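Below sits a lone chain in structure tokens, taken as the form predicted alone.
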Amino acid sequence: MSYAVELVNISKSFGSVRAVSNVSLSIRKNEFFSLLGPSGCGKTTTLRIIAGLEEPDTGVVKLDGRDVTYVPTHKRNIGMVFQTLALFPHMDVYDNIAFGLRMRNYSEADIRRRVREMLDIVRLSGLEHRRIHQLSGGQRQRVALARALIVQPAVLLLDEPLGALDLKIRQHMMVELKRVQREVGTTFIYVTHDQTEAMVMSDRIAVMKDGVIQQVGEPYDIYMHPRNRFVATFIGDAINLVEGDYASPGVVKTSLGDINVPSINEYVGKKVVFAIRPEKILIGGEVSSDLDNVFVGRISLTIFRGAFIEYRVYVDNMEFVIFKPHVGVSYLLLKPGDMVKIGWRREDGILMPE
């Protein structure tokens, strides 16, 4: 397979700080790929190495199969959109978008045609003569996106471009970015610390921590099958973790008692972490005797979140977080202080090495 971007054993240090450590990635053509992780995990450094703004200490960078490790940025056929946007305030929308084409000496007829096409794609038609200060935050993001895409880069790099937007605009722009990427077919590589952004937009995600790739996969696989505790806790709104000993196939001995889990023979005799997502736990009248795991606990907190209700339930000294869709009033009958049963099927659990 021919990849848009390949990183082979990339490492980069700044003084004594190892920013990126032996990172290898293969990013497909026309893919929306996200680098996700907390501040300082190495994701922006990785992006800057792809852009040619930083040289790696070791390793190889390839674009479309060509070694570009030491090729200057302007010769890599990439576009970039950063959080600061760097739009030209003295130009209107049209001239901002047209800038890259003019620098490449396109004819004015070609520029007019291409700008009109791009305005349609980013849904800014009719605003081409507005100044930048007359636009909303979301509209400015679209101008920056159009300016980067109009020169038809093979790869577009985006470094937390939605970070300065308020929640509602950010949510709208997530959908718009995904739509634009599908329409233009350009490979997007997106850096973010926001797991919601990565989950909503990405075809695949690389989760990073301390300069190291922890897991690469599609959003569903990373959410449902995290490889370790860090990925499990970083992805998703919440997760319930219970430490224990994998005493025999399919059974984890914990302080709560035995938990029946998926059978993974390689973990037998080892310390493990059992995890289960809040939406996978049944509560109250949902709990039946044929479930693989049933416990009794006391509700400590009930939080109405609109689309769902969040329960906090203590089983012994361990708190479980449970999400229930708000489909009726029955769940509202469960109140703090109530004793309830909670339970889940063994296949809904996740087993990870300690």
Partner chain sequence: MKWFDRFLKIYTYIILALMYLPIVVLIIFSFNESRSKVVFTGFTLENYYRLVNNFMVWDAFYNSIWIGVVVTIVSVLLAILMSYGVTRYSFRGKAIVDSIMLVPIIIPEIVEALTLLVFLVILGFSLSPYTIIIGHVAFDISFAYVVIKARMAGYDPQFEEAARTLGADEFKAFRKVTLPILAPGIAAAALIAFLESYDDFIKTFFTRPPGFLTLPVYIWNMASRRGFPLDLNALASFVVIISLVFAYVRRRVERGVLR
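These numbers come from a predicted model, not from an experiment. Numbering follows the first chain given and starts at 1. C-alpha atoms forming the largest set that superposes within 1.5 Å between two forms make up the rigid core.
Beyond the structure shown, there is the form predicted in complex with its partner chain, which is absent from this document and is the topic of what follows.
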item: Its partner chain: the contacting residue among R182, K168, R123, R104 in the model of the complex [heavy atom, 4.5 Å]; value: R104
item: Contact residue in the model of the complex, from A86, V175, A164, A238 (heavy atom within 4.5 Å of its partner chain); value: A86
item: Candidate spot F234, V242 and K253, all three touching its partner chain in the model of the complex (heavy atom, 4.5 Å); value: no
item: In the model of the complex, M199 touching its partner chain (heavy atom, 4.5 Å); value: no
item: R277: touches its partner chain in the model of the complex, heavy atom cutoff 4.5 angstroms; value: no
item: Its partner chain contact in the model of the complex: G100, any heavy atom under 4.5 Å; value: yes
item: Residue contact check: F82 to its partner chain in the model of the complex, 4.5 Å heavy atom; value: yes
item: Among 220-228, 114-122, 141-149, 199-207, the region lying within 4.5 Å of its partner chain in the model of the complex by heavy atom distance; value: 141-149
item: Exceeds or equals 2 Å, Cα of M91 between this form and the one not shown, core fit; value: yes
